[in-house]
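Let's start with one chain on its own, the form predicted alone, as structure tokens.
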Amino acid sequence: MMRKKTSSIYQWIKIYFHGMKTSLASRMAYRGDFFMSMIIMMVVELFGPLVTLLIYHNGASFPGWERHEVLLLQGTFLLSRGIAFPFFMGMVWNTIRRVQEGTYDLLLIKPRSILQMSIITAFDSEDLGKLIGGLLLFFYALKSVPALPLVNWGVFLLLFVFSLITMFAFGLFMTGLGIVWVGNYRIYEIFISTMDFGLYPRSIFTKVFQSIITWVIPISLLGSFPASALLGKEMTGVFGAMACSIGFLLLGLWFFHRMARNYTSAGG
């Protein structure tokens, strides 16, 4: 049983990398456009940290956070988004487009689950620019931070995994909405606008809003909590946020499959 399960996971990963290879080869047919798109993605991602630098340069600040600490938080956030968007978040955009064109049916007849096929075909090579931007900012901010204990890094990595789980749950909800909300690309805008709260320290928001982004929609896990763990800052409510993230994922899986079952072919 264990060998069969391991073989299944290996086959799934193999198919996913094949999908990555196909997507990258398709984009590399127009290399100039590909690299320009990546650069634009990277520059757009760094706009938020640029605003932060301007805030601190003009004498203002986020209470309880030094400039390099906020940049580390934002680097963590962008790093999480830089992994999510190229590797699985493309399923949102692809699903909206396929449902609108009436080609979503092609995924349903494949010998894999609809969720697997949505992820396998989700790789977006252009969004690697987001990952590069996140890496650059994270390591730039890390240079100004004193040597950190290994335990801080361990907790940071654990919470960073939960940030990716939260991102994936977001993707599931947006993909499910894309199935029934035909051709409406504002789903992406809603997602990005909501997620952008993760760019800032949780402590700058009101107590009520802090509770919402911790125990209702765990946006705090996207940047604030992992960065706080790495810097050794106090993290009130982190276990509740982790539990919320798992619940958010399970609810997202249920919602996605429910919407997929309700799918009726559409074209146009």
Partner chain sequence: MSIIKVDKLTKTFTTYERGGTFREALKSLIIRKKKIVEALKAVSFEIGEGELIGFLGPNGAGKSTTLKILTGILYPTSGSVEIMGYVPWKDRRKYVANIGAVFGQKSQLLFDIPPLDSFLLNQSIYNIPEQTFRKTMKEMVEMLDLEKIVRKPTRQLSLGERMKCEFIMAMLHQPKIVFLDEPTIGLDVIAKGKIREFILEQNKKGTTFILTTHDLEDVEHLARRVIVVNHGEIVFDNTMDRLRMHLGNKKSVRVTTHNPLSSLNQPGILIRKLHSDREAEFELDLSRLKLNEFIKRLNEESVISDMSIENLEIETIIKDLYGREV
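Residue numbers count along the first chain shown, from 1. Everything quoted here is computed from the prediction, not taken from an experiment.
The next section is about a form of this same protein that is not shown, the form predicted together with the partner chain.
- Of the candidate stretches 168-176, 138-146, 152-160, 108-116, only 108-116 has residues whose heavy atoms lie within 4.5 Å of the partner chain in the predicted complex.
- For Ser26, a non-hydrogen atom is located within 4.5 Å of the partner chain in the predicted complex, even though that partner is not displayed.
- In the predicted complex, Trp215 stays away from the partner chain, with no heavy atom inside 4.5 Å.
- At the 4.5 Å threshold, heavy atoms of Ile15 reach the partner chain in the predicted complex.
- Although the partner is absent here, Ile120 lies within 4.5 Å of the partner chain in the predicted complex, judged by heavy atoms.
- Residues Arg261, Tyr263, Thr264, Ser265 are the members of 245-265 with a non-hydrogen atom no more than 4.5 angstroms from the partner chain in the predicted complex.
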